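What follows is one chain in structure tokens, specifically the form predicted alone.
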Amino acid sequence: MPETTAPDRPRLAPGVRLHFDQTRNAWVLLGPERVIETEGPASEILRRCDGTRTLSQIVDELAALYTAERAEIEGDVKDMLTELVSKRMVV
């Protein structure tokens, strides 16, 4: 089985959407028979997964937004997206 990696131009998988849940007062990732509540910068990452931005552009935007080291942001973004790819929530 091939190793799962973060895509070059990540986007939400078909049937998956990011939604602000008023009841939870939080962003949630909705998929077939799944709800994942996003915490911290996860919603910022997912809002940028539109299929047009490259992984590098997403990392640059987040590094500027959070005034953080690019390498640290890049590792976190890749880890999160790789996990969501394995769950078939991001392609």
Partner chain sequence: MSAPENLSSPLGLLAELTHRCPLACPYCSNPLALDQRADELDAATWARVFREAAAMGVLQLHLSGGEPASRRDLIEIAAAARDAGLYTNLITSGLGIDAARLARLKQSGLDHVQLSLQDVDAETADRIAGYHGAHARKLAFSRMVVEQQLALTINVVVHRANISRVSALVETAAALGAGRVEIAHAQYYGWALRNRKALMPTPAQVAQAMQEMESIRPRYAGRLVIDMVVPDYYARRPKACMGGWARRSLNVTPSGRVLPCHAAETIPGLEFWSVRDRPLAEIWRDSPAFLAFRGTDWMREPCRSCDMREIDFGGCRCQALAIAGDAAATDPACELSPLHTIMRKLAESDASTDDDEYQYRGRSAAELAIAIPVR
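Worth saying up front: this structure is predicted, and the values here are computed from it rather than measured. Positions refer to the first chain, counted from 1.
This next part talks about the form predicted together with its partner chain, which is not shown.
Although its partner chain is omitted here, in the model of the complex none of 62, 75 and 78 has a heavy atom within 4.5 Å of it. The closest non-hydrogen atom of residue 25 lies beyond 4.5 Å of its partner chain in the model of the complex.
Using a 4.5 angstroms limit between non-hydrogen atoms, residue 85 touches its partner chain in the model of the complex.
When its partner chain is considered in the model of the complex, residue 41 lies well away from it, no heavy atom lying within 4.5 Å.
Its partner chain in the model of the complex comes within 4.5 Å of no heavy atom belonging to residue 47.
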